[in-house]
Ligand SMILES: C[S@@+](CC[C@H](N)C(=O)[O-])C[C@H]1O[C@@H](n2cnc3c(N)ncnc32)[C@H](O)[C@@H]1O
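There is one chain below, alone, in structure tokens, taken in the form predicted on its own.
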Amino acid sequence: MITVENVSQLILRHRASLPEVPIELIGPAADRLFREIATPIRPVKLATDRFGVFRVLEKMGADVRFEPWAKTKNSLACIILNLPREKARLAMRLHEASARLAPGGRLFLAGANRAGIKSSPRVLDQFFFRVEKRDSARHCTLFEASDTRSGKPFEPNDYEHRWTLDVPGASVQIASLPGVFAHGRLDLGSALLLDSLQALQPSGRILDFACGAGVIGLALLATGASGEVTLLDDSALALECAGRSLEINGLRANRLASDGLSEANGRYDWIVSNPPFHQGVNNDLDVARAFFRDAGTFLAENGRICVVFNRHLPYGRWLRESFNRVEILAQNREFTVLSARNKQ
């Protein structure tokens, strides 16, 4: 049985007061909320940019889309939005939602208190004249907004930030959007990993796991990595950025939406990664644990995995549980870069 998460339970408290019109649920939890609020005259459609959530809801029979933002411009009478983790992403989501609401439409915004929901009225006020707190329960809060402020139409390109990544012998243009890891900058962990990869010169089939905007994979391509590069991420927003970055630089790579390694296929000569350890506002290491456990099954006979991580995380121990040849390539006060090979 799939547990209904706290934010969804708060929304369910107001099921009877939701308008009897079609509803779009954006950024939903992987639970049965959509079933609980649907009626014959109140069908519920869902949209998520998380592939793992998409797969769960799809298997439950939900009418769900996997996309970075709505590709259709149809107007809606009611939208329920789960609070995204990043405030900049919240502004982008609210801009999109307000632009899609029909006259008289209503938006409900729900989220956990520790995720910052209590400060969201300041952002809601940018797009709506009327903002009302509806409820608080289970350490979550629900707001309702209506009467949209007239403004310019939602255009994703307005939120894109381009920056330059300098690597030996090349400069790479990276396109990023709010919500993508290390938005608009090179994070210190990836910088340390890139320094280590420069000496190793990966080639063959290369998998950039949890690629984000594609920084690692694009850097390898720009510096002459030969073979086939695959950029993998759970986030539709990240894969959108990776695609834009590839196009800007005239580079080619595969893009793969995947919950962990669930959609990966074949074997790779190299797997490179700055693995995630956050799910929402929580430190959730399950994705990384599964990655280290399963990565060896996707490596070629002489394949190699190369990862960077915060030194306080247990990733080194997990690597040594799955690989018998693990070496430290670089480390500083914050990060460690490890290389590991298949057990022989």
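On a predicted model such as this, the values are computed, not experimentally measured, just so you know. Residues carry their position along the shown sequence, with the first being 1.
There is another form of this protein, the form predicted together with the named molecule, and it is not shown here; the text below is about that form.
Using a 4.5 angstroms heavy atom cutoff to the named molecule in the model of the complex, none of H14, L109 and R130 count as contacting.
Only one of 146-154, 211-219, 95-103, 114-122 places residue heavy atoms within 4.5 angstroms of the named molecule in the model of the complex, namely 211-219. Proximity of N274 to the named molecule in the model of the complex falls within the 4.5 Å heavy atom cutoff. Proximity of H161 to the named molecule in the model of the complex: non-hydrogen atoms within 4.5 Å are absent; the residue sits far from the partner. Residue contact check for R50: one or more of its heavy atoms lie within 4.5 Å of the named molecule in the model of the complex. Proximity of W270 to the named molecule in the model of the complex falls outside the 4.5 Å heavy atom cutoff. Out of the listed residues D195, D135, E228, D259, D259 is the one that sits within 4.5 Å of the named molecule in the model of the complex by at least one heavy atom.
The partner is absent here; in the model of the complex, the one residue of T141, N82, N249, S235 having a heavy atom within 4.5 Å of the named molecule is S235.
Residues of 190-206 that come within 4.5 Å of the named molecule in the model of the complex, judged by any heavy atom, reduce to S190 alone.
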